[in-house]
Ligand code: UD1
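Okay, so here's just one chain, in structure tokens, the form predicted alone.
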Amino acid sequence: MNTAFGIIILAAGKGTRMKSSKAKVLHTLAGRPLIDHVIATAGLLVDEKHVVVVVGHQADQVKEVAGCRFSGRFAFQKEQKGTGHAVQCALPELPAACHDVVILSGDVPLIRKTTIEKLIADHKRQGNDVTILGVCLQNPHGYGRLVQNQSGDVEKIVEEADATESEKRIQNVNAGIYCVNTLFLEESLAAAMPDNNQNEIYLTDIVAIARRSQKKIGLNICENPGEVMGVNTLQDLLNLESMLNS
């Protein structure tokens, strides 16, 4: 296990599109809560003391469920101010030895250990400040688009709500999983502003900040779209169940 890495799992969201009073990460897939799948994968990569789970909505319930098989740390996001703010809440809980951090989503349960290992390996080998996991989707609706220049370098990530019509046609999208230099992550989030349609601090803003600061940005494309499929609706959950049973 790599002691120079930490893992932050974002699990604070309410998940209003689930049409349920239950926090999204508490919904079950293959008989286990979504958050349990992600924590289990994180535990294969680093010591659990290097894993921080960000909780918010129904925090006590999420901590109780996650804590059954998890001895890592929790960070509390009192107000839902966006994914960037959630990561800011988690950073103080990371051990000082974590020079780089992998950011996972608690509602992306099928992400594999080998995919994250490749993300980490490429991040280190290329000397990146931030490495993005992306995926190519025939129907990219709802996902942040990876805006790339003619050389294929990522210039920024544009969320669906802020995308222009031409940007919405981009099929390379953000899977919501990153490997980032911890110091750069702290500095870039401190510089991020909630100047978007949601009035939130987007984690994706660190990419544009990295480009402006002439930091090195890497991109890994996941070959299996199902592996990085997020759960936003009950139908998404049924789709994942079908994938696992096929």
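Because the structure is predicted, anything quoted here is derived from the model rather than measured. Heads up: residue numbers just count along the shown sequence, starting at 1.
The protein also exists as the form predicted together with this ligand; that form is not presented, and the subsequent description refers to it.
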Query raised in the report: Each of 36, 115 and 227 near this ligand in the predicted complex, meaning some heavy atom within 4.5 Å?
Result: no
Query raised in the report: Only one of 91-99, 74-82, 147-155, 123-131 gets a heavy atom within 4.5 Å of this ligand in the predicted complex; which is it?
Result: 74-82
**Report entry** Proximity of residue 110 to this ligand in the predicted complex, heavy atoms at 4.5 Å
**Finding:** no
Requested in this report: Consider residue 119 of the chain shown here, and say whether it contacts this ligand in the predicted complex, taking contact as heavy atoms within 4.5 Å.
Outcome: no
Report task. May I ask you to state whether residue 167 is within 4.5 Å of this ligand in the predicted complex, using heavy atom distances? Result -> no
Query raised in the report: Hey, in the predicted complex, is residue 188 touching this ligand, heavy atoms inside 4.5 Å?
Result: no
Report task. Let me know which residues along 146-176 have a heavy atom within 4.5 Å of this ligand in the predicted complex, or say none if there are none. Result -> 157, 159, 174, 175, 176
